[in-house]
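Before any questions on binding or motion, here is one chain by itself as structure tokens, the form predicted on its own.
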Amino acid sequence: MKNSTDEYLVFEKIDEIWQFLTERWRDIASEAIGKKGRFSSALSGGKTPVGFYRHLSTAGRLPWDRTHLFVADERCVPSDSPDNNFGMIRETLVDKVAIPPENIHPVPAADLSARVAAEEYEEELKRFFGLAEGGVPEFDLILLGIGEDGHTASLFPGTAVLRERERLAAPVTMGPALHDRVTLTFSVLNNALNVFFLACGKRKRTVMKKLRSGFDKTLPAAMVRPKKGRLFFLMDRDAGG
């Protein structure tokens, strides 16, 4: 069942989503920096968040010097490939703001196998968050998309990675016709303080209806249940109905 504290917000115009999310980003970053001296976020690729990244890049007075950017998942492709998630994030956001290079934490997936890339990314998470054995990162904000099949990050219906509880980052084998991937696991997603889903377009309406009903627990997106954080679903009118 869905949690009564989940927020399902429907916006008339997509620009209103970007404005709302930018304001939340600013508030969450300010609070995190006040408490910990830094703000950490894991971002998603795909087409939906492109407009948000461009909007965020033009927002004034954001603390980029204390902001650290990770990715929720990545394809094992060269960094200049159009299928590379962080390449898109770099082009639409990172290259347009004054963020120090050491604050950027992409998955090293360009020249490594998914297994090795996942291991190295997990070590980076442990180093950055100063984790003891068995510890889990606490991201201040994670931004996720959702597929028509209910997948999020690279957590696809029916795949073994859905049952992963030990690793922080895991390899995902997609078959010979598709790129292998690395994804953050549910252990990480569900330990975040704020998780935002973006859903836009009529093609997302059916899956959003399933999520809002709260009855289909097999959808990977429905398995994102922050233990202590807040969960938001931001939709345009086409996706929200």
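Start at 1 with the first residue shown and count on from there. Bear in mind that the values here come from a model prediction, so they are computed numbers and not experimental data.
There is another form of the same protein, the form predicted in complex with 6-phosphogluconic acid; it is not shown, and what comes next is about it.
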>> Contact with 6-phosphogluconic acid in the predicted complex for residue 107, defined as at least one heavy atom pair within 4.5 Å: yes or no?
In response: no
> residue 153: heavy atom within 4.5 Å of 6-phosphogluconic acid in the predicted complex?
Replying inline: yes
> Taking heavy atoms and a 4.5 Å cut-off, does residue 209 contact 6-phosphogluconic acid in the predicted complex?
Replying inline: no
> Going by a heavy atom distance of 4.5 Å, is residue 146 a contact of 6-phosphogluconic acid in the predicted complex?
Replying inline: yes
>> So if I measure heavy atom distances to 6-phosphogluconic acid in the predicted complex, which of the stretches 25-33, 38-46, 188-196, 209-217 falls within 4.5 Å?
In response: 38-46
> Thinking of 6, 19 and 230 as the candidate spot, does 6-phosphogluconic acid come within 4.5 Å of a heavy atom on all of them in the predicted complex?
Replying inline: no
> Does anything in 66-105 come within 4.5 Å of 6-phosphogluconic acid in the predicted complex by heavy atoms, and if so which residues, in order?
Replying inline: 73, 75, 85
